[in-house]
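We give structure tokens for two forms of one protein chain below, kept apart as structure 1 and structure 2.
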Structure 1
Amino acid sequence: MFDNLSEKLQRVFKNLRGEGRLTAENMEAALREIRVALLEADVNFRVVKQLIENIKQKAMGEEVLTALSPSQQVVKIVNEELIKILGSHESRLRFANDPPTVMLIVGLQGSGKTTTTAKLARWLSRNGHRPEMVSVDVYRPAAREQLRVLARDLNLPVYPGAAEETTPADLARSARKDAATSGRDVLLVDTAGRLHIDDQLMTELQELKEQLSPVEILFVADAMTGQDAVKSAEEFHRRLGITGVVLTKMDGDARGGAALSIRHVTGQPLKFVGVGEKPDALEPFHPDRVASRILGMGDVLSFIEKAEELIDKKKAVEMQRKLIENEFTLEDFRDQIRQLKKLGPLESVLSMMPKVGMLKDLKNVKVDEKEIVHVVAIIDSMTPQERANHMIINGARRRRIAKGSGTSVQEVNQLLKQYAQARKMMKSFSGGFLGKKLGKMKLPMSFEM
């Protein structure tokens, strides 16, 4: 997300780099670029106008007189302004003293409410809650069936609804009763998608709100939304008083300027982002991370957090030692691939990396997951001695390995070449700048596919 915006801003700052200091003239050019970039990122134009005004004032003001270079300064100011709008704190869900806590999931058609409801239920149950779900979408064909299937796969309860319960109000009422009697502490109510200008359906939501007194009313918004985001968000907020926003489809390449627009028109925090179709593809929203990502610093924090969760630290430390002492064997190479695989599809791992400097070209890397399976198979087909010392792998051994792994000698050759390259590359990194970086991240991840 936001890749293109960050690229644009980087270009702006690159141009600024040559200048000694911020002047009205060079700032004008930078501001124009920032403005176009924000507009292309679908940030609402009124919001852009205000942002540019704020950035201009700050840049021209006394804050200019600091030790930073002009480009650093502009980066800092833009970053601060974006964070200010996105919200300076990470926002959490609230719960009622008196369970079950009712959360109403609302939004336009196709924004991703049902998927989000299931993801939230999973997230809640992972965080010590006992959620129940109900779909009150009596309009869209198979909408309730969709939630039922998702709930079944998650092994979480969904209120099925009796035959005579045909209205959202009926369904919600019984579901709450059901949640209370079965000791569920959160009830997620998935509502039908509707247009903000559909008075009848908006009134229906207001009635549901009155009936259920939800603690959270979460507005689900598509990250790809354009200028219209402010209108729908504003109207949903006006009618219902939403308490938070879930931004979906952030795994795509939409720049997601809607996040800024919605945040400001409603003043309500973004609480989660949806980053995939699977039920675990939901992450808490981190305003600072998104802002730094906008600026091209990459979502490094998210990445490290994920890596730490999954990667065996001891192994990583050991790997580092080996790297430095040049004991990095094919076995380590395989371990490394396996550890990386745990982070998720490699493309999404790579997308979290900063797009600067030598890693810039990573975004064009298309990772063939099948190839990784082949690589692991090839290494698996080697003897322990071969894995420890790749120098002994001669032609006959290569043929055997290819046969054993169901690949070809060419593929084995290629792997050995890649391994040798990776070894060389890592050795050169271990002393240099990136080596330190990776060292901090406790993550050996610089092999080439």
Structure 2
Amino acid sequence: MFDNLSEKLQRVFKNLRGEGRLTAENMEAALREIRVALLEADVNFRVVKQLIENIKQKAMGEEVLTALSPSQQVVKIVNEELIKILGSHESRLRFANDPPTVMLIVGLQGSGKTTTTAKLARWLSRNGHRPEMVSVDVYRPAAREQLRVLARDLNLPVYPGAAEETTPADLARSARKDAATSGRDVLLVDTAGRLHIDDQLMTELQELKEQLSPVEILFVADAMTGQDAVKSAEEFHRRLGITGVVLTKMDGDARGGAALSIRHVTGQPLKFVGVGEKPDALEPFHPDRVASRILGMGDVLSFIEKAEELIDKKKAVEMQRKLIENEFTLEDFRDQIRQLKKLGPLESVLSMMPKVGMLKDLKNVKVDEKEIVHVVAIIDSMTPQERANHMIINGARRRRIAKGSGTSVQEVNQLLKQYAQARKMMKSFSGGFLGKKLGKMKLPMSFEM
């Protein structure tokens, strides 16, 4: 997400740091590079123009030009302006005073409406709500079946509809009644889509809006389509009055132009982003955190929130104790890998880390998930005694472990070598300043490996 733009902006700031002082000339050159970087990231030209004007107005001021660290001042200005463009603050979902709150999920066919409906229902259920879903796509039975399957996997209710309910309005009305009687406080209405915007679709959606009075009308768009997603959102808002946007497939969009354009062009906030196919791969959109990621400063807050939701806290505290006391076994090593994998693809986790200091090369790290599977398989092929004491693993045991895990003796040797090095490093930490510090900390989780 934003990989290309982030890399180019960091190059601009690096060049500025190389200057003895900031002048009008080198600032103009930097602004030209920023403009090109934004346009190449598929950011809407109107957004680019406004952003550059705002940055120029602030950056060319006397305060910046005479600053002790002008490049840092420019980074600060770009960060502030990116946040403004993205929305200044997180835009939360709104809820009705009298439940159930109705939320219409709209968008073009193939944008990911049905999957997003299920993901949003999961997110709501994890945040204190009792959602129900309904598909009102009477034209594509497969779409309704897809929602039923997703709802079953999440163990969340979906209104099935009766044989006589043949119109979207009929289905939606009955679903709202069902949600009210069963104590559900949110009804998510997955609407039909088209390959392109047409009058029939809009008439149908307008009728649903009139009958249901939804608190939220969320437009779902595929981030990979770039400015087409922005144009569709703008047209849906003009004809329907959307209240927010959900961008799907953000994990596959290295440019990020849609995310940077959509609020400025439509006037409506980006509320969630889809960052994968799994049910938990939906995140609230935080403008300040996204701006931080674009500028290479990472998104540690999102990492911590995700970890707090998915990591077993009791195990984490116990792991911290073992690290301090140098009792870290191969079984613990395997358990840490499993805990970390809960956070999603490791490349996605690494992308949240700030690209500074010893972490600056993380953007170049390519994680082979198959290698991680091999590591777990090797440790699983060991006996409990071997996992507790790696020193007893001789040549014969290594051959047996390799055969049992479908790997080679060389791979087993490599794992044991890496594990021994990790233990040695942790031992040096635990006896020194870091160990004392860790011993005093009462963290809810631990990721030291």
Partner chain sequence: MIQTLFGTVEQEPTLLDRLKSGVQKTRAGLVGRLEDMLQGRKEIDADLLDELEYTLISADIGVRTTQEILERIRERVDRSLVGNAAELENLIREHLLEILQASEHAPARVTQPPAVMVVGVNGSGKTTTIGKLAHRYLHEQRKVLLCAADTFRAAAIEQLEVWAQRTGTEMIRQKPGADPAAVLFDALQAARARQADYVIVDTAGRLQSKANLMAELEKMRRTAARVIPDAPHEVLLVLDATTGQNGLEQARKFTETSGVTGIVLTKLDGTAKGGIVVAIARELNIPIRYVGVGEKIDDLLPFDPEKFIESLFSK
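The structure displayed is predicted, hence computed values, not measured ones. For the two forms, the rigid core is made up of the largest set of C-alpha atoms that agree within 1.5 Å on superposition. When a residue number appears, read it as a position in the sequence of structure 1, where counting begins at 1.
Student: Look at both copies of the chain and name the one that is the form predicted on its own.
Tutor: If we ask which form is the one predicted on its own, the answer is structure 2.
Student: Relative to the superposed rigid core, does A142 relocate between structures 1 and 2 - that is, does its Cα move 2 Å or more?
Tutor: The answer is no, as the C-alpha of A142 shifts between structures 1 and 2 by less than 2 Å after core alignment.
Student: Once everything's superposed on the core, is G226 shifted 2 Å or more at the Cα between structures 1 and 2?
Tutor: Shift of 2 Å or more: yes.
Student: Tell me whether V215 is among the residues that move between structures 1 and 2 (Cα shift of 2 angstroms or more, core superposed).
Tutor: The answer is no; the displacement is under 2 Å.
Student: What is the Cα shift of K417 between structures 1 and 2 once the core is superposed, in angstrom?
Tutor: C-alpha displacement of K417 between structures 1 and 2: 3.8 Å.
Student: Please state the CA displacement of L195 between structures 1 and 2 in angstrom, with both forms fitted on the core.
Tutor: With the cores aligned, its C-alpha sits 5.8 Å away.
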